[in-house]
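To begin, one chain is listed below as structure tokens, in the form predicted on its own.
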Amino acid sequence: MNIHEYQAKQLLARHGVAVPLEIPARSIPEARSAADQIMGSGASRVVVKSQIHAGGRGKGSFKNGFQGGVKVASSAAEATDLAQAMLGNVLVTKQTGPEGRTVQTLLIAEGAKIKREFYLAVLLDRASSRPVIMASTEGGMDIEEVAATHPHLIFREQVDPALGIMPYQARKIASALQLKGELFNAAVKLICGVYQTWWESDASMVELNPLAVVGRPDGSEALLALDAKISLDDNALFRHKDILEMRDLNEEAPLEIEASKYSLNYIKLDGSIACLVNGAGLAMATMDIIQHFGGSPANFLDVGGGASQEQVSAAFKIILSDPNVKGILVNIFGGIMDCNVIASGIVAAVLETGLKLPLVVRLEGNNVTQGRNTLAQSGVSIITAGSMADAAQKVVQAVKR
């Protein structure tokens, strides 16, 4: 699950991470009040930031012609005008696709006098099965670009999950960022706080870009998380009711929301061949082989390792809600899963929905013989396949007829 920038900063602040003075706003009066409050605190500038689950907001454009989803204002009145141009309008960025996202929340923040920018993130290193902290002096840039052009500027520090981050590790990272004096001490505290946010929230990633040294009106300097992104592990949300309440359904596709009600992992794509698969790896391979034989996948749909008949039926209904679907490929490898349960669910779903589209089913693994018998004796129109390649070829051919 993803959350908005302002929500990510709220989680970070709980663990002692310094963030700017900022207030979320969902209406023009709220935006004006927030801007007045921030300007009244002594700030000389106010930043108006669109809150959507996508990057590239600052370089994005609104469908109403307004350019940029992140703007700086020198007065509360100017901030209000910017809010009117953004709130309720559709912002298109490189990550939203051409359809864009409707901005329903703004973040009104204190304008910072940035002196230096850094990158800091905590994520899981799957190769070592350990958390890794990544840091770079090249903040404000895409980390992928830094990795491609200046890999030596990315510092990595693995953390033993049994011990958690140790003070000496935070000091190593602060030193790699070339911070000294009070900023060094502030960085050590902040780095520990960012790691604790990642750990305590069961996050898959916490990213600050930029983490910045900013100048204060009194001439001093501070280290602040100016932008933050947190992605959370859906499987752990039952432990975090407060974080689950941060979920913004307006940022999710309706079919994906429906799939989540049945613990299905669904992502809509642009093709015509729907996939129903158990296991993310097998789902990826299934999409690849459809593409290999000249087809185009309409979705990623993983029913998990132990799907029930109800889940299979729900999956079919979700698939059929996509008008672009011209055929369906079911590819199941039964390990924990019983192939006959899947077969029974397929038959029930076909009968319930009155499916008329070509349906290709490939079953293998646990109780596969009984599953194939269930399909054969069902009396419904199902094309069976003996292998992934066979299944992919058959569904592509069926769709092209």
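Residue positions are given as counts along the sequence shown, with the first one as 1. Computed from a prediction, not measured in an experiment: that's the story for all the values here.
Only in words, not in the display: the form predicted in complex with a small molecule, which the text now covers.
In the predicted complex, the small molecule sits within 4.5 Å of a heavy atom of P210. Under a 4.5 angstroms non-hydrogen atom cutoff, the small molecule in the predicted complex lacks V188 among its neighbouring residues. Mapping the unseen interface onto this chain, D227 counts among the residues with a heavy atom inside 4.5 Å of the small molecule in the predicted complex. Contact annotation: R362 falls outside 4.5 Å of the small molecule in the predicted complex, judged by heavy atom distances. Partner contact region in the predicted complex: 65-73, out of 367-375, 35-43, 328-336, 65-73, criterion any non-hydrogen atom within 4.5 Å of the small molecule.
The candidate site formed by G56, G111 and G140 is fully in contact with the small molecule in the predicted complex, as each residue has a non-hydrogen atom within 4.5 angstroms of it. When you look in the predicted complex, the only residue of V341, V47, A31, V350 with a non-hydrogen atom within 4.5 Å of the small molecule is V47. Checked against the small molecule in the predicted complex, the candidates E117, D248, E258, D81 yield a single residue with a heavy atom inside 4.5 Å, and that residue is E117.
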